[in-house]
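The chain below stands alone and is given as structure tokens, in the form predicted alone.
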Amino acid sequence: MSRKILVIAGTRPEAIKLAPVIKALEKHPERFELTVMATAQHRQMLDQVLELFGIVPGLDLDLMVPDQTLTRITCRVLEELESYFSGRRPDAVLAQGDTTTVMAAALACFYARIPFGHVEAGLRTGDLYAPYPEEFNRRVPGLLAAWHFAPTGWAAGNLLGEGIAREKVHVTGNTVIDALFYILKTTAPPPSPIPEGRRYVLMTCHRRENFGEPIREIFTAVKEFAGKHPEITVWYPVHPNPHVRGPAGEILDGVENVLLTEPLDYLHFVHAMNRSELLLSDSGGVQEEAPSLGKPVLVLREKTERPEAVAAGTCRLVGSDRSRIVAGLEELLFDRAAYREMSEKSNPYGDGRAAGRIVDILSAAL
């Protein structure tokens, strides 16, 4: 008898990391009756990824509204899942990561007594407010999940240290590496706005913890670096959040060698990473993806829930401090030995076969 599996995604990073799991589940229709639910916590960027991987949600909650609050997202997800569970009770629910969608989905499953599987479980900084609200969001399923799919041994150790039963914790690798390898294998590089042969830094910056003065300091550092080094381009696909777009336009618009563009879809972003010299980013996923491409990452955060990459030497924390950002960029872009030291380190996040391991674990459990 097939088992009903509900997979929930709300944002682009969730869709990227769940796409390999969805595709792996689809290979076994005799074993799993699969439904994909999109909460659309982030509408446009989520849709881009689902389309790229050929995933059509069976349900779409379409939650995104301008200036949505964390409270509103939480309430809507809880209400919608309560209604869904009352009529179509799944045997298991899967979600990924640390968004409000994931936290609320885990809580809704707890209320309904439905087993919940947490993909990318066990990431921790130890500070509930850094990153905010992600650290809290990932701790809730840490209490409630039936299956904790940890990307690394370090993440699994966090869960075991919190008292999670060993039989519930599974080290699988990170599914983002599965997705990354799939895109590089199946797609050709699209046209780039950067001339062939020109060196560039690819930047992302969007975390809520950086809103306000930190993000202004980051953008000012980029402007300072760009002014000193006109031979290097900084390519920044600007996140649509007005807390990001406002200061980005004010500080960086008009800087000749800073390229501000609309956000890239996942296919374009993977190939842009692959062609770049290095990444300047506050993204969690970039800390996992870039090392697989041999690209160093300067992390625009003071703390990270992915210390494996820092320990491995593929990522370096620079926070929002202007001098550290500029110094880090100059060292890696103009000291080839320092660059090689980071770029040639091995990626601690797996071999690209995490999704298959997750499906095997579910097959044995259900």
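Because the structure is a prediction, the values reported are computed rather than measured. Start at 1 with the first residue shown and count on from there.
Another form, the form predicted together with a small molecule, is not on view; read the next lines as being about it.
J.: Taking 4.5 angstroms as the cut-off for heavy atoms, does Glu224 touch the small molecule in the predicted complex?
T.: Answer no; every heavy atom of Glu224 is more than 4.5 Å from the small molecule in the predicted complex.
J.: Though only this chain appears here, would Ile114 touch the small molecule in the predicted complex if you measure heavy atom gaps against 4.5 Å?
T.: No.
J.: Does the small molecule come within 4.5 Å of any heavy atom of Pro90 in the predicted complex?
T.: Looking in the predicted complex, residue contacts with the small molecule do not include Pro90, since no heavy atom lies within 4.5 Å.
J.: Give a yes or no for Asn274: in the predicted complex, does one of its heavy atoms lie within 4.5 Å of a heavy atom belonging to the small molecule?
T.: Residue-level check for Asn274: no, no contact with the small molecule.
J.: Given the stretches 260 to 268, 186 to 194, 140 to 148, 158 to 166, which is the single one in contact with the small molecule in the predicted complex, using a heavy atom cutoff of 4.5 Å?
T.: Every other range fails; the passing one is 260 to 268.
J.: Of Val286, Val201, Ala248, Leu123, which one comes within 4.5 Å of the small molecule in the predicted complex, counting heavy atoms only?
T.: So the residue touching the small molecule in the predicted complex, by this definition, is Val286.
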